[in-house]
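As a starting point, one isolated chain is supplied in structure tokens, in the form predicted on its own.
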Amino acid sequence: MQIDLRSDTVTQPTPEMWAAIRSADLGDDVLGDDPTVIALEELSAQLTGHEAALFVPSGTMGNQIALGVHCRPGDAAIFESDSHMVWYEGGAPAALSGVMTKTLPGIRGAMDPEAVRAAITKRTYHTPATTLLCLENTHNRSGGAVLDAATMGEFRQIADAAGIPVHLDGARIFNAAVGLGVPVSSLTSQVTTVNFCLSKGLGAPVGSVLCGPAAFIEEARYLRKRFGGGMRQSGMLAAAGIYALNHHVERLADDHLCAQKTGEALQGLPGICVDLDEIVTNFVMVHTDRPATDWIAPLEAEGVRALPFGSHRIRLVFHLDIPADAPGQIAEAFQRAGVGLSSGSPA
């Protein structure tokens, strides 16, 4: 059996989730009458502590709708330099909304608050207005690093003082909440708007939810249509999301534990290094002495699928389809792959 650690997006619906999908009440969401979509949006708003919510096909679309509502063409938004919205959304801020990206370096996804304060500019004949601060929690390129409520609150205070909103790319915000042992609303209430994914650790097949003030969501619904995200009988997808929010949040702790045990099992193996202190949610970042791409085929031959995440780094992402006994199997695969690479023999 292959252990697929490429992402937590590869999960398959559980039998119970399939049953929820099959029994979903359907309407036409573009016409506003799909009852299951409405129920998902109401539940999402309630959980995150916001007034309203909008079901969208993907996290990228949710983030970019938020950017398009918050900003005008020519405005600037502040991002951490390794953020998903900068690296992995196809240049959408510029292409879709004409927004200038101001990037600031961070430590484990957290920018220096004083640097953020200094980067906020007023509109003049020479400078764009900074109209949005964007955060990411958990932080993908930092290996699932978490921003706690105090840190997020500090950023919100800076934004409030400047009179600008805060958008949270919360693709894995439920992982952050479970990792910190707090309700998700304690994190999401710190921001003006938040987008979270149903199709990552929560295990639904498709979809994200954008949450925020009611007036914002009304404008977001218009942009969703413009961006091609209006779906019809999407209640079958929303039903999976409702099931995930009701049944798959607390179990994220199992993924975090599996990641921690895997990191421990990988300690001391030749050719790789893992920093256990960096494993705080469902990611393990494996640093390699050879190019990361050299490891991928040998690992797959040993039954483990993974992705290179930099020149000498492999990302392992844990999810509900990874069995509890996987850490030992993963360590054995790395050991055999490493021996083959060291000897120069094919895997």
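It should be emphasised that the depicted structure is a prediction, and the values quoted were computed from it without experimental measurement. The numbering used is simple: start at 1 and walk along the sequence shown.
In what follows, reference is made to the form predicted in complex with a small molecule, a form of this protein that is not presented.
**Asked** Within 4.5 Å of the small molecule in the predicted complex, heavy atoms considered, which of T60, T36, T281, T48?
**Response** Going through each option in turn, the one that passes is T60.
**Asked** Ok, H84, H247, R108, R156: which has a heavy atom sitting within 4.5 Å of the small molecule in the predicted complex?
**Response** Exactly one listed residue reaches within 4.5 Å, namely H84.
**Prompt:** Heavy atoms within 4.5 Å of the small molecule in the predicted complex: does C197 have any?
**Reply:** Contact with the small molecule, yes.
**Request:** Report yes if any heavy atom of T130 sits within 4.5 Å of a heavy atom of the small molecule in the predicted complex; otherwise report no.
**Result:** Answer no; every heavy atom of T130 is more than 4.5 Å from the small molecule in the predicted complex.
**Message:** My question is simply whether H167 lines the interface with the small molecule in the predicted complex - judged by any non-hydrogen atom within 4.5 Å.
**Reply:** Residue-level check for H167: no, no contact with the small molecule.
**Asked** Wondering, does E89 line up within 4.5 Å of the small molecule in the predicted complex on heavy atoms?
**Response** Heavy-atom contact with the small molecule at 4.5 Å: present for E89.
**Prompt:** the small molecule isn't shown here, but in the predicted complex, which of 97-105, 167-175, 113-121, 258-266 has heavy atoms within 4.5 Å of it?
**Reply:** Among the listed stretches, the partner-contacting one is 167-175.
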